[in-house]
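First comes one chain, alone, set out as structure tokens in the form predicted alone.
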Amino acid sequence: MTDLLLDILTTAGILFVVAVGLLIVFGVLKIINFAHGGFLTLGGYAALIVTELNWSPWLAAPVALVIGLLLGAAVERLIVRPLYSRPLDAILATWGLSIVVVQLITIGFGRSTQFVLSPVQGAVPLLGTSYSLYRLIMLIVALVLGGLIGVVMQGTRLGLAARAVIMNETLAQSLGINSELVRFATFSVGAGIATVAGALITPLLSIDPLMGLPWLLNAFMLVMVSGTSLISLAAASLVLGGAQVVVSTYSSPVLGALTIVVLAAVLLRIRPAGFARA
């Protein structure tokens, strides 16, 4: 029972880390970045490159962050920015970009499944059981990341500008806020967080060019039931991620993989606001 509880908590943390970059972009830009899965995959392969170069596995996340920030900035400037007034076209463009990323990775690395080194190994005693140290670290990462984003949003000028754009972009512009710069910074940071998430989850699983797709689907559904709230995203990750763990444990991993998508769809049908305030 203790293992099940820890699995639920750590899975919620992992889902939060994977989805929060998508939430940030959706909150400010009002579009779903379907290239999120491609950025996750790039982060995974950044970790693979670090492993193949025999660098410290702790460098995987910083390397992935740099790649994500730079690529996110380029994508926002060249692809997404001209499409802000056409959100459907922006969604299609980011989905197309994700396909391009998958194909380029396939050309460069092949279709084979690969693995990366974990920064830490083994398990630690906790609550009367022995549990994976890396999964516990991922839970801590989720808590720190959520707290850091909350502090930035509530306690900095950039966060104030971002919240103003979220609430009323036209009014924010009339107050002298450069919404174009806010959008640029938001998309770049969201992409950077996505690539970091991809690098962080890879020690827990294998890597292949399509690794980002199932994570994208889960992240998308979590964001849909969370709106623009970090707290709602944390709650959704805990409840829906917990349901996924329970179904996978007591029924089938195949059914568990569908749990978040199915439950999120049902929840949105019953309560369109999801976990966010109505």
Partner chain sequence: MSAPMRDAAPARLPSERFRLELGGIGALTLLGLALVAVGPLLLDRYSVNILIRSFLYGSIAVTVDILWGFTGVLSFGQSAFFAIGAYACGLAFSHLDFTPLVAVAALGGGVVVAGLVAALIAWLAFGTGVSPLYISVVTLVLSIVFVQVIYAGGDFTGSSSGLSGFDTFDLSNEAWFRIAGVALVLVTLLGWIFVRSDAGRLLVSIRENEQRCRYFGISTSWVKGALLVVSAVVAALAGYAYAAYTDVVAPDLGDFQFGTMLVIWVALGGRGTLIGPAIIAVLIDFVSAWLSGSLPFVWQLVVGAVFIVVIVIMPQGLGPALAGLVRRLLPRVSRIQPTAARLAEAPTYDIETHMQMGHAPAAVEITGVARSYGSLHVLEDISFTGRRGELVSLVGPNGAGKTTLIRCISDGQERTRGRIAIQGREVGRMPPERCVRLGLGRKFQTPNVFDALTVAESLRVSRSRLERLSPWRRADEIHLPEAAMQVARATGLVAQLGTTVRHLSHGAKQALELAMVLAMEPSVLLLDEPTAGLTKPERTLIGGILVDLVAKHGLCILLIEHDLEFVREISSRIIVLHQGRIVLDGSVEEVVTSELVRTIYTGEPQAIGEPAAAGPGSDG
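Residue numbers count along the first chain shown, from 1. Keep in mind the model is a prediction, meaning the values are calculated, not measured.
Another form, the form predicted in complex with the partner chain, is not on view; read the next lines as being about it.
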Exercise. Indicate whether the partner chain has at least one heavy atom within 4.5 Å of a heavy atom of Leu117 in the model of the complex.
Key: no
Quiz item: Hey, in the model of the complex, does Thr170 get a heavy atom within 4.5 angstroms of the partner chain?
Solution: no
Practice problem: Indicate whether the partner chain has at least one heavy atom within 4.5 Å of a heavy atom of Ser130 in the model of the complex. | Solution: no
Quiz item: Using 4.5 Å between non-hydrogen atoms, is Arg86 touching the partner chain in the model of the complex?
Solution: yes
Exercise. Select, from the options 184-192, 152-160, 197-205, 106-114, the stretch whose residues sit within 4.5 angstroms of the partner chain in the model of the complex by heavy atom distance.
Key: 106-114
Practice problem: Identify which of Leu143, Ile137, Ile79, Ala73 has a heavy atom within 4.5 Å of the partner chain in the model of the complex; exactly one of them does. | Solution: Ile79
Quiz item: Considering the partner chain in the model of the complex, which of Ile31, Met221, Leu69, Leu48 comes within 4.5 Å of it through any heavy atom?
Solution: Met221
Quiz item: So which residues in 256-270, when you check the partner chain in the model of the complex, have a heavy atom no farther than 4.5 Å from it?
Solution: Ala257, Leu258, Val261, Val262, Ala265, Val266, Leu268, Arg269
